[in-house]
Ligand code: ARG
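Shown next as structure tokens: one chain only, the form predicted on its own.
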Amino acid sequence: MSNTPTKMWSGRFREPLDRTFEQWQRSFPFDWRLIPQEVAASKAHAHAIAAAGILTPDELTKMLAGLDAVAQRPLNWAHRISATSSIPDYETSNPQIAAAIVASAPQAEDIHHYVELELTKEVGTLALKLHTGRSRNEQIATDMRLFVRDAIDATLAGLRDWLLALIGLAEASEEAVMPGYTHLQRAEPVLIAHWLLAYVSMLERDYSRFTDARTRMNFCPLGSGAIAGATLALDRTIAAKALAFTAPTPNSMDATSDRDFMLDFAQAAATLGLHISRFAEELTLYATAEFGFVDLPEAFSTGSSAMPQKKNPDLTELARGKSARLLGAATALATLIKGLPLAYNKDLQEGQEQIFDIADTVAGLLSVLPNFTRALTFRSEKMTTSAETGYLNAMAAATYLSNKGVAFRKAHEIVGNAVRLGLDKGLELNQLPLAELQTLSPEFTEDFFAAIDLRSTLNCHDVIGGTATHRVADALTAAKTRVAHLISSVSSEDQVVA
């Protein structure tokens, strides 16, 4: 009998697998991306079984060195493939590296089998001891938690960068004004900074969702066995601490079949995608000749192969489209999980590709959005003109009457009549003669015109969260403080880990 069976489970079987089925069910062509996570989890497990007396100190040292060598395989392929000194990041699924790694191990059924086969090349039959006290069910649950945790950390870093870009753009816009919209109809003037800070608020909520998801999922499945727990008296805290998990998972059946952490990540990413899509949609509209509010940076735009004059908003359109990809992956993952009985089922293998795609899609979006945002240029004169026309000061006019003691419902009606008068005459509210306004209400006096100019219209929204100039300045300062705290918190955590 061979010491290195072709399959990790082949002892019970007499017949070879159907070749087509074998290739069809094989997951290594995509789960090769878990090499760093599988190696890290294997090293943690090696420490745990060494503490249980399965490995001698010398064997542990040899095992860890062998696993480190296996972890270098993708980097070795990167060195061979890359013609420059820069090494592609194999976690971003570089196609050439992926193809090379998968082709290098035609026998590998999955990531676990691959690492065992490669470790055997490094340390011989000692590699076969590593599977003592563990199951592939707990291994993949651990690997995916580690992958999702890494993806969340990368997403949080990208969000911090984009938040800084939005805040920087808001700060640079100073007190420039734009029309705000409801029902895609001009509603009231707002500061451009106020509009941008709306997206800052969305991203801060996204940040908290990813942070919460990370906290919830940070428990270690190693030691859970296939379903009922390890058959070896392992100290599960050893592996949990080695992998920077909060603690071991409390229930082995749940640990091996739980994919809530993947769903949390997917749904948080889908919500982030919705916010990105809204931002992209607005900029796509604002960049049209019909709006003319924004100059899209040429470095993030493309032209037409047929129409020489075109500058197309490819970044915003693609960003808008990517949100569909995120929503689709989250929906597919939820549908996959919804009908599964406890505990592990092979169906769960299908969820890995959804997570890989989500991680890649979010990473791609956050790699371009910060610099794109920094490069945006507003046509502030056009935006101000649009904010000063179309009766966007009607609410301020009703407020003026209300402050004079007119019941707001009545004030609303009076100003509505004034708007109708203006429409008939082709005049804005501040262009209507005072005498004609006084036929609608005697409360209109000379101070009305100052009360509805652009700055007064902005500043009548003098509440926390409003677009009054000093309120937006306060909100901008507060947002800068919050984001600075996020950055300093990460720096502090890095120092603790170091």
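A residue's number is simply how far along the shown sequence it sits, counting from 1. This is a predicted model, so every value here is computed, not measured.
From this point on, the text means the form predicted together with ligand ARG, which you will not see here.
Q: Find the only residue in Thr132, Thr399, Gln349, Asn94 having a heavy atom within 4.5 Å of ligand ARG in the predicted complex.
A: Selected residue: Gln349.
Q: Which listed residue (Thr120, Thr361, Ser301, Asn137) meets the criterion of a heavy atom within 4.5 Å of ligand ARG in the predicted complex?
A: Only one listed residue qualifies here, and that residue is Asn137.
Q: Which of these stretches, 468 to 476, 64 to 72, 25 to 33, 439 to 447, has heavy atoms within 4.5 Å of ligand ARG in the predicted complex?
A: That would be 25 to 33.
Q: Using a 4.5 Å heavy atom cut-off, state whether Asp110 contacts ligand ARG in the predicted complex.
A: Result yes; Asp110 sits at the interface with ligand ARG in the predicted complex.
Q: With a cut-off of 4.5 Å between heavy atoms, is Trp77 one of the residues that contacts ligand ARG in the predicted complex?
A: No, Trp77 stays farther than 4.5 Å from ligand ARG in the predicted complex.
Q: Might Tyr344 be said to contact ligand ARG in the predicted complex, defining contact as any heavy atom within 4.5 Å?
A: Residue-level check for Tyr344: yes, a contact with ligand ARG.
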